[in-house]
Each structure stands twice: as C-alpha cells, then as structure tokens.
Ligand SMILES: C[S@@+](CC[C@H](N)C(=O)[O-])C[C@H]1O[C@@H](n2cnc3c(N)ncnc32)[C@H](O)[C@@H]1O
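Coming up is one lone chain in structure tokens, specifically the form predicted alone.
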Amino acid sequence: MPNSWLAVPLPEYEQHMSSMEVQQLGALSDLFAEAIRYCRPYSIAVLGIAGGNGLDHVDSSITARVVGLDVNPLYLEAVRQRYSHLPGLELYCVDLFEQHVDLEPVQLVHAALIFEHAGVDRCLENAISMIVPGGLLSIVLQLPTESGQTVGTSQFSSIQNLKSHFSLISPSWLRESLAGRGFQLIHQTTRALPAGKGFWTGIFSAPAAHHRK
C-alpha cells in the first residue's frame, strides 16, 4: 500500500499546519530553532523534513551539514529550491517506516511528529543509527487532548486521510525506552497549542558508544 504522505500536496500540508485552528507550523519551527540553539550542532539530520520548515534558523557558521529525509520526493524538491543557498544540504527520499537508513552519522537528529506517523520500530532504529557516539537526539511529540483528537479537522481530504495512520507516542514510554539504550534526557519542554493540543520536546544525549544496526 502506498504511503499516505505521497498523496498529500505540500501546499495543503503547510496551509493546514499554519491554519488558525492548528497553528503548528510556526510552533515546530520555533522548537527546531530552540533545539539547534541548545545543541549548536556541526551536522543535523531532519526526519520527515517536508518543506524544510525551520531551516532558516540554521547558522551555517556553526552547522556545515544538513541532511533531510522524507518519503515524498516532491517535498524534497521544494526544500532543494527553497534552501539551495544552504551549504552542505543533502536530501534523501526514504520511507523511515520500512527502509533501513545507512548514512554518515550526524551530531544532532531532529525528529518532530515523525514517530506518530512512522511508528517507533524501524523509524526509531533509523534515528538512533544516524547519531554519532555522544551525539544528540531531539524529539517533538504531540500530547493527547481531552477530546482524544489527533489529526486536527482540515478542509483538505488528503490531511483527513492521515488520521488512520497516526498514533500518539507517550513521552514517558519514550524516555524509558531511550534510557534503556543508554540515552540521557538533558532538556525537555512542553508547549500549549490551539484546540487543547500541545507538544512535548525532549533532547537526549547518546551514549559514547551505541549500537548501530
């Protein structure tokens, strides 16, 4: 079965995420900026890069390599056009749910709202495998609402079709799972969003030597 994200045009995704009812695009950009300010990485990988939201925060005098991964090749082409000026930009079309990633590791892997869509099996293994020993992993998770709503109401049917492939991930479960792999939580924040939603962000430091599959 084709990945549902292949049927979501980038303009529809970005309009939905920036709508008054959702207001997540700006929040995610802010959280990415917070992560790179905190970590000051010399290399970054962004999982599920979509249209490159937040890449304008990258300081090329600090970060010399930016790796973007996404399942939709049209998203990657948009990133290539929007950020062609960014030195060290590498873009890869990868299904993080199914495929194994074998790339030169980076100092910081940023995974925002990716595990909710791609799961925490192969996708989490891919994230971990991309971190240099002693590197950093920044994760943004969506927090549950009282109504139980996950994907917000949208005028776009392509967005509504994502609901059946979206599952919330518990921050406490993630913290315990990563702790079992030797990762240490070094920073965390929460951010409220419209419609009772919220984001949890955690930054983890990888062990000096960790297993790469």
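Throughout, we count residues from 1 along the sequence that is shown. Note that this is a predicted model, so its numbers are computed, not measured.
The form predicted in complex with the ligand exists for this protein as well; it is not shown, and the discussion that follows is about that form.
- This chain appears without its partner; in the predicted bound form, the one residue of 47, 39, 58, 44 with a heavy atom within 4.5 Å of the ligand is 47.
- Note on contacts: among 159, 28, 185, 169, the single residue with a heavy atom within 4.5 Å of the ligand in the predicted bound form is 28.
- In the predicted bound form, the ligand sits within 4.5 Å of a heavy atom belonging to residue 72.
- At least one heavy atom of residue 13 is located within 4.5 Å of the ligand in the predicted bound form.
- In the predicted bound form, the ligand sits within 4.5 Å of a heavy atom belonging to residue 95.
- Residue 53 belongs to the set of residues with a heavy atom inside 4.5 Å of the ligand in the predicted bound form.
- Of the residues in 97-127, those that come within 4.5 Å of the ligand in the predicted bound form through at least one heavy atom are, in sequence order, 97, 112, 113, 114, 117, 118.
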